[in-house]
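One chain comes next, on its own, written as structure tokens: the form predicted alone.
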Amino acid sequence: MTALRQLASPTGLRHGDHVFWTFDDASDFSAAVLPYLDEGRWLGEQLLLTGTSRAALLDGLAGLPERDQMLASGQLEVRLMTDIVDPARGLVPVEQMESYRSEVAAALGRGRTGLRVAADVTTLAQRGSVDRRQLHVYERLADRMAASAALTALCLYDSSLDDDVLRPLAVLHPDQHHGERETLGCLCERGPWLSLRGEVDLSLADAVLRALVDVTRDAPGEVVLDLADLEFLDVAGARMLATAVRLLGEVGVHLRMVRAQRPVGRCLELFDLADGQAICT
């Protein structure tokens, strides 16, 4: 199980780490990407950087040791987001995950120790609500894949995006860097069930609701939400879970919460969630 972490540095990362990182401008982007990719260079990983402008990405990599040699050898690749996601079709999460699985296998086949990806995903987050829902599903699947593949992922988002866009994306990553904001909670799938971890209060409830409903609304029948690592839940958070139960029920998905700690379970009881909907330990 991966603990919820607030990161001060984009280094010290290994396979399985799935990071949400906001940046303020081009220099801030480069300050995150350079040490992250340089760490991968030392580890012998295949390196992939994606964004919207090849020229800007290469400029941002100007300070990366052995940049030109790695580009020439193929250890480092720079791609446009439009090369990965067809603008006309939009993001297709399952297809994208299969593509990354193939890239991991190819990297290992070339003798690399794994695949390290840094992706500026801002353009996908700027699209409409339907596309953002697909982005939420993609981040959930990416987190699941990271748990079982030789993959390290740094998902970069421009900090100028609205909070109602950034916060649901942040909670879909167990590793987070969002300026000076404290990391509270996350939804991740590192075990047999989807789990809600950390703390969920009024400040995070809406973001968790949006992410939770988006990533589970197409599930067949039942979704089990593990609350064993949810350390704090206030009334706003419990109300959010009750709303999620109702919204998912309307589309035929039964949300069942299990293993809630006693304080969390008592809060759930306020909304009649502990009887039949939740199982407390």
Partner chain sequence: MTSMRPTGEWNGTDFAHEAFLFATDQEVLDRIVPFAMEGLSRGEPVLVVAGKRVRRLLAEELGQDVRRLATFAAAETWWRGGHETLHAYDRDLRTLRSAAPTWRLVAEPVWLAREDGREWSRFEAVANRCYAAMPYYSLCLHDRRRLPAAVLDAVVRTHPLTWSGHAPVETAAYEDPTRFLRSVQPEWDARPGHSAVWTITAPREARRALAAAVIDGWRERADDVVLATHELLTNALRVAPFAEVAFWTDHETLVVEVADSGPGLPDETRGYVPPADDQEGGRGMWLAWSLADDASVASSPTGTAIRLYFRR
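From a predicted model like this one, the values you see are computed outputs, not experimental measurements. Numbering follows the first chain given and starts at 1.
Keep in mind that the form predicted in complex with the partner chain is not shown, yet the notes after this line are about it.
Student: Looking at the partner-bound form in the model of the complex, is P263 within 4.5 Å of the partner chain by any heavy atom?
Tutor: P263: contacts the partner chain in the model of the complex.
Student: Taking heavy atoms and a 4.5 Å cut-off, does L202 contact the partner chain in the model of the complex?
Tutor: Although the partner chain is absent here, L202 would touch it in the model of the complex, with heavy atoms inside 4.5 Å.
Student: I'd like to check something about F271: if you look in the model of the complex, is any of its heavy atoms closer than or equal to 4.5 Å to a heavy atom of the partner chain?
Tutor: Yes, F271 lies within 4.5 Å of the partner chain in the model of the complex.
Student: Using 4.5 Å between non-hydrogen atoms, is D234 touching the partner chain in the model of the complex?
Tutor: Result yes; D234 sits at the interface with the partner chain in the model of the complex.
Student: Could you tell me which stretch in 137-145, 178-186, 102-110, 69-77 has residues with non-hydrogen atoms within 4.5 Å of the partner chain in the model of the complex?
Tutor: Going by heavy atoms within 4.5 Å, the stretch is 178-186.
Student: Mind listing which residues of 17-47 have a heavy atom within 4.5 Å of the partner chain in the model of the complex?
Tutor: If the 4.5 Å heavy-atom criterion is applied to the partner chain in the model of the complex, 17-47 yields nothing.
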